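Read the single chain below, which is given as structure tokens and is the form predicted alone.
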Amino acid sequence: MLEGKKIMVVEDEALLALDLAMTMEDLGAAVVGPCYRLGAALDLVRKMKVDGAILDVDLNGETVFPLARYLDEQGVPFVFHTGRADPASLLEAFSRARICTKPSTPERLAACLAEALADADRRSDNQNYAPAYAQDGSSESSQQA
């Protein structure tokens, strides 16, 4: 599922960040981070390429949106992992993002990220591919109403 992928973990809750990192590693991913602050995450992602990312929206009072914009511009798929933000506004600003609401198991978050990576691969193969997303990150029909 995530074998051989470089996955960035950005989460300000240390125990959750470590749990997510260990789960990603157990699934064969190389973890970049975890990063607990926006500035550190931006610095790191500008120095090394990542294949995907898990982003907590609120990093100790600071939003992760500058990093999300950077990743989006680079074509890097990511999952917002949040319990606070409005999912509709997140998808309006970041239409290709996945959202996995808290609380969620690390395994469910990994599945959402794997789906985001698969969607990115399909987009690169087919420029007309346009998925629609449910709030939890699961795909709906590829045709939008």
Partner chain sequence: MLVVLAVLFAAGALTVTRAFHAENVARQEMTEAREALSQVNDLMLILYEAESAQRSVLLGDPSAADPFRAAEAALPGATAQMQASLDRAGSDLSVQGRRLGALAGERMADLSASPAVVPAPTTASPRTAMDDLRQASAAIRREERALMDAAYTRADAERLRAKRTLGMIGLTVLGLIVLAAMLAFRSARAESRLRYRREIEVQRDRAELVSHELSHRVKNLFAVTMSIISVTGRSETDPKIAAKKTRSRIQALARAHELSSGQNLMRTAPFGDLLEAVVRPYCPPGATLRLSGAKLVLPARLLTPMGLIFNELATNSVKYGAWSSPLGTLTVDWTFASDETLIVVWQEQLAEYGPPQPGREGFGSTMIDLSLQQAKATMKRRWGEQGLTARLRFPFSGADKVEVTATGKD
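Fair warning: this is a prediction, and the values are worked out from it, not measured in the lab. Numbering follows the first chain given and starts at 1.
What comes next is about the form predicted together with the partner chain, which does not appear here.
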| query | finding |
| --- | --- |
| Single option in T105, S89, S95, T63 placed near the partner chain in the predicted bound form, where near means a heavy atom within 4.5 Å | T105 |
| Interface segment, criterion being heavy atoms within 4.5 Å of the partner chain in the predicted bound form, picked from 43-51, 115-123, 65-73, 23-31 | 23-31 |
| Touches the partner chain in the predicted bound form: G83 (any heavy atom, 4.5 Å) | yes |
| Residues within 4.5 Å of the partner chain in the predicted bound form, restricted to 24-50 and counted by heavy atom | D26, Y36, R37 |
